[in-house]
Structures are given as structure tokens and as C-alpha cells.
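In C-alpha cells, one chain follows: the form predicted on its own.
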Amino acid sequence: MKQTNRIKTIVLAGLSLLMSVNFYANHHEGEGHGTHKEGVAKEYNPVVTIMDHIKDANEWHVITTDENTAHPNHISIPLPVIIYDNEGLKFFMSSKVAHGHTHEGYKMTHDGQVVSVAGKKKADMFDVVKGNLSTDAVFFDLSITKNVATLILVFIILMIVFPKMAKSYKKGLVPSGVAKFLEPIVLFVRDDIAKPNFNQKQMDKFMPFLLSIFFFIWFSNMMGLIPFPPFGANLTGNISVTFVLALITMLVINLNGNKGYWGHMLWMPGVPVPVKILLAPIELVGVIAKPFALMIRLFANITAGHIVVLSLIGIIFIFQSIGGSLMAVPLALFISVLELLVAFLQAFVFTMLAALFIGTSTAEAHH
């Protein structure tokens, strides 16, 4: 039985790798993909493929046919483009601006980014503060990109799975359906993450938060490993996503911090006053340093996994030989299987450290 399960795992991983080779090889047109234009072949550049994949985009590219011709056929899943500029709100699908087309003053670059034909720059928070929206220089991009669509999809999955899981327990203590699979993981979060850091009252308070971030990160990581639309987005490898997760964790830590937590941070008991004045700013830096470490760790590990797999697959197209394939495929298969573990491990590490930091801020003082 165990041997059968191992064979199934290897077969599934192999199929996933083959699909990823096909997907990544045809992911985008342009430099780095060996396309021919006017009879001139371009040298394959894996950096372009890798960067195109790990970045966000306004469409889900499926495949390119007739790639070695002057007019390749690109098959993509369009996503909504929502632009707000000095002319007002604009809404259209990304297919309107794909492959060199211009629509309402905007077009899409080869890597799936919507830009302004008139040279307007994308607005950021500093432009909001300065109030530059009234000029022609900026525009707000509120589009549903790959990462946003994946985030919404993960949210929908969580909202479907967990109510069903809770409903199954109303029928009896024996779980049914998806609860059979998820119950051991929920118990793992409770027994190995929450219990060592909280008392029973605190566990009841913080378990929903811990379960939410654990399953959100885990589901997002797993969906990023599926190499075909509507999956494959590098959601937790996006620094903005990990920043928001870290920010929420920081708020939970500090808003629930008790008197002892803030007292030991701002005015340490039993320490000379000059030392207190010196240490207080350093301790305050830790308020930001802890969530910053959570943000960078998750972002770096997930992004690195995607880059390693793509780099190994790129060897096939660089050497264009059987020897390169014989070397690249086993290594890429090994890393792909390892990424299944990393997807779970990163969710565990983020949740475990969040529980540790929250437990420290809510711990009762011992005299």
C-alpha cells in the first residue's frame, strides 16, 4: 500500500513537472524564448522567463502556438483592468490591450504589465499624499491581476471548505468529507503551535487567527506550485502580500500586549535609568523587526523555490541536448517534490513565530 502511494506521488510529481516544462517554455513571447522574427533566431535567456513568472501580470498566459513564425498566436485568460486617472474610472478586459493593442490610452507590455501610452506613471502612496491625481502625470491601477485573482480564489476556497468542515461536526464527532483530511492539520496547529504558547483562554481567542494565516499561506503556496491557469501565481512570493500578513501580525501582537509586555519594553524593571534610556529605543526597533523577519522569510523562501525550479527547467532550453535534459529533469523533479514540503513548512514557520510573538506579548508576569 505504501509502495503504491509512493508510485502515485512520483507519477503525479512527474506529470506536474512535464506540464511546468510546457507551461514555462511557452509562458511569454519576446526576448528569451527563442522566437523567430524575420528569420532571425533570438538566443534563449532564462532570466526573462524567470522574472516574467515571479512578477504579477494582468493576464494568465496559457500557451503560444506558431511561436517560430512572424505572427505567433498567444492564448491567454484575460483579467479585468481597472484604471482611475484624471478622466475618471476605466474598466475593460486585459485582452483589449494585449499583443500591442492600445485601448483608452493604455497598452500591455510583453510581460503582462499595463502601462500608459501617454507616459503617465502608475500612482503610489506618495502621489496620493501630494495630490497629484488632478494632473496627467499619474494613474491608479486597481486591476484584478494574477495575484489578486489567486488571493480571491484562496479566500473562496477557505470560505467553502471550513464552513463545510464545521457543518460535518454537527452531524457527529466523526469527521466526514474534507474534514477527514483537515482535522489532523487543525489539531497539529492547536497542539504543536498554540498550546506551547498560550493558556486555554488565550487559545480560544487566538486559534481563529492562527488557523486563518496558516491555511491562507499553505493554500496559496500549494496553488502556486500548480503550473497551469488559473493557478501558478507567485502570491506569497509577492512582497506586498507578505507585508500585509506581517502588518496584521504586528497589530495583533501589539494591540494585545499587556502591561508587563510594554513595561519590559519601554521601562525595564530592575535596570538602571541610563541603561533603560539606552535599551528602550532598541526594544522598540524589535516591534518592527519581528514582523519584518516574518515578511522577508516567507517572501524569500517562496520566490527562491520558483526561481530554482525555473532555472533547472531553463537548462533544457539552454543546452538543447539530451544530456541537459537528463541532468535537469531529475533535479527539477526533486526540487518540485521538495517544494511541496516547503509550502507546508513556510506556513508552519510563519504561524509558529506569530504564535510565539503573540504569546510573549500576552504572557502573565511571573514574580
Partner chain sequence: MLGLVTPGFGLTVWMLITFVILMFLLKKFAWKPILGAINERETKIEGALAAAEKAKEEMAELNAKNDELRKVALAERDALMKEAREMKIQIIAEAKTKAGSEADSILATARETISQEKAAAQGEIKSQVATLSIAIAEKLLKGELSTDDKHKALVDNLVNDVNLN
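Numbering follows the first chain given and starts at 1. Since the structure is predicted, the reported quantities are computational estimates derived from the model, not experimental observations.
The same protein also has a form predicted in complex with the partner chain, omitted here; what follows describes it.
A.B. asks: Can you work out whether G105 and the partner chain are in contact in the model of the complex, taking contact to mean some heavy atom pair no more than 4.5 Å apart?
C.D. replies: Heavy-atom contact with the partner chain at 4.5 Å: absent for G105.
A.B. asks: Residue-level contact is defined here as any heavy atom of the residue lying within 4.5 Å of the partner chain in the model of the complex; does V241 satisfy this criterion?
C.D. replies: Contact check for V241: yes, within 4.5 Å of the partner chain in the model of the complex.
A.B. asks: Using a 4.5 Å heavy atom cut-off, state whether F216 contacts the partner chain in the model of the complex.
C.D. replies: F216: yes, in contact with the partner chain in the model of the complex.
A.B. asks: At 4.5 Å between heavy atoms, is H306 in contact with the partner chain in the model of the complex?
C.D. replies: Judged by the heavy-atom cut-off of 4.5 Å, H306 is well away from the partner chain in the model of the complex.
A.B. asks: Considering Y169, F228, W262, F181, which brings a non-hydrogen atom within 4.5 Å of the partner chain in the model of the complex?
C.D. replies: The residue from Y169, F228, W262, F181 that makes the contact is Y169.
A.B. asks: Which of V115, V138, L142, M223 has a heavy atom within 4.5 Å of the partner chain in the model of the complex?
C.D. replies: Here the answer is residue option L142.
A.B. asks: Indicate whether the candidate residues G232, I253 and A347 are all in contact with the partner chain in the model of the complex, with contact defined as any heavy atom within 4.5 Å.
C.D. replies: No, the whole trio is out of contact, none within 4.5 Å by any heavy atom.
A.B. asks: Mind telling me which stretch in 156-164, 263-271, 276-284, 106-114 gets its heavy atoms within 4.5 Å of the partner chain in the model of the complex?
C.D. replies: Flagged stretch: 156-164.
A.B. asks: Listed by sequence position, which residues of 198-223 have a non-hydrogen atom within 4.5 angstroms of the partner chain in the model of the complex?
C.D. replies: Contacting residues: M207, P208, F209, L211, S212, I213, F215, F216.
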